[in-house]
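Before any questions on how it binds or moves, here is one chain, the form predicted on its own, in structure tokens.
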Amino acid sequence: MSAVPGKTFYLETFGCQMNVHDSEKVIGTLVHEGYEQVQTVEQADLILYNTCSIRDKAEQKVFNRLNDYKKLLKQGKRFGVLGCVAQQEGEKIFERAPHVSLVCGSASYRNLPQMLAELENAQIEAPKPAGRKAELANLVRITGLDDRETDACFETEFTARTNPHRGYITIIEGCDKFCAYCVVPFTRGKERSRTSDSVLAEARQMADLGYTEIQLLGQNVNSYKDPAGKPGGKKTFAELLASVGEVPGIRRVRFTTSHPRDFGRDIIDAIDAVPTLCDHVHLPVQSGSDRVLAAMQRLYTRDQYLERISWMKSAKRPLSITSDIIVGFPGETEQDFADTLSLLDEVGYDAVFTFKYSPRPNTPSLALEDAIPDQEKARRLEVIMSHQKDIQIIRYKKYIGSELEVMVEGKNEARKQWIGRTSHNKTLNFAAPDSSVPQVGSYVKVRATQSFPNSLLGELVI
């Protein structure tokens, strides 16, 4: 559908892959409603921020961005806040950023057409204000907030996928775990899964459109429970994962994020049985200390986590294992921190995403005492990152001399190197002769010749 003059939008996304995919849904919906996406706020009539509230820094970045551009209100532009911060703050956003007109939670994106129509009609009917106070007073304010207890599905009719070769499919939304530090259950609601039939239909459609890699998404992706089918006939997560991997035309399937409590041995069995399932598992641990894990309400022990790691290490093909770690949780002692450092050595992660504990609204950890000073959090973060870097140097060296299949993602013209990604989710930059120029989205064999802490370097195998 062609764009209607004057209906342009700019969308900036903060946060995780779930938010990136949510933005694809928003873009698809807006384009279908006659809007045209533009690349700068200056070009846009409607300025949208799809937000993340996992950490305070990401949340503050959104409000800083809103403050920077409030001067554009007098040009007739309108502002909207979407996603987790929208759900968390609700109508308080109108107090913190009075020039915002639209606040919409992630499960309400299917209602965007009606909300946009209401916004457009209000703009047409509103008298021209005189002065900033009158301008703000005349602003229509529209909210679409989610019911945490809803069973409503979160599918949207239109999705504008930003990568023609790799695409996301959300299979489960929300979280029932209530970890002490995490705001997700309050912003994304309870767990609710799509039917396996609808997931597989979307996967087949993507394959027909030429997509070769699919990533299944969820706050707790392996908590998936198929709501359809006869009793005893519903697909488990592992069965769904295998079924997606068997869709003709699909060459790679990834999934994120997993929760150790719901991570079953059957997932590794599926990876062993279906070659298209990638050689990579991301399993967040958050801490190596049983005492801290209990305070975090993570619902597993260090030994139970390591049991899952042992399943991965016994797989028929070597798997890359990555994780998330939080330092400075209230009451974390030096011994607790040492337990986390020792876990890095015991597992031998290929990568770890590290974060300083950040107090979030409504979470149980707000009531905990023994807060760790920010300076000490920063020190522990640096120690973890340095230690993990040493581990990765060793891990990556093991690939030197190996021939690895990569999906070609692009080219770094400055370095004259092609950018590829392995099934292990490692970046492998490589050289190719002018006579063998690879196509973006194709799969080629590359011999790794050099390693770095976060990437590999190689040469195209001709």
Ligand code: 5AD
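Because the structure is predicted, anything quoted here is derived from the model rather than measured. We number the residues from 1 along the sequence you see.
A second form of this protein, the form predicted together with ligand 5AD, is not displayed here; the remarks below concern that form.
K.L.:
Please pick out the stretch from 348-356, 378-386, 333-341, 307-315 that is in contact with ligand 5AD in the predicted complex, where contact means heavy atoms within 4.5 Å.
P.N.:
Going through the listed ranges, the match is 348-356.
K.L.:
Although ligand 5AD is absent from this view, report whether L112 comes within 4.5 Å of it in the predicted complex, heavy atoms only.
P.N.:
L112: no contact with ligand 5AD in the predicted complex.
K.L.:
Within 4.5 Å, heavy atoms only: does Y211 come near ligand 5AD in the predicted complex?
P.N.:
Contact with ligand 5AD, no.
K.L.:
Residue-level contact is defined here as any heavy atom of the residue lying within 4.5 Å of ligand 5AD in the predicted complex; does I326 satisfy this criterion?
P.N.:
Residue-level check for I326: yes, a contact with ligand 5AD.
K.L.:
Should Y181 be counted as a contact of ligand 5AD in the predicted complex, where contact means heavy atoms within 4.5 Å?
P.N.:
Looking in the predicted complex, residue contacts with ligand 5AD include Y181, since a heavy atom lies within 4.5 Å.
K.L.:
Of L404, I54, M407, A44, which one comes within 4.5 Å of ligand 5AD in the predicted complex, counting heavy atoms only?
P.N.:
Selected option: I54.
K.L.:
Sort through T322, S196, S108, Q286 and report the residue having a heavy atom within 4.5 Å of ligand 5AD in the predicted complex.
P.N.:
By the 4.5 Å criterion, the partner-contacting residue is Q286.
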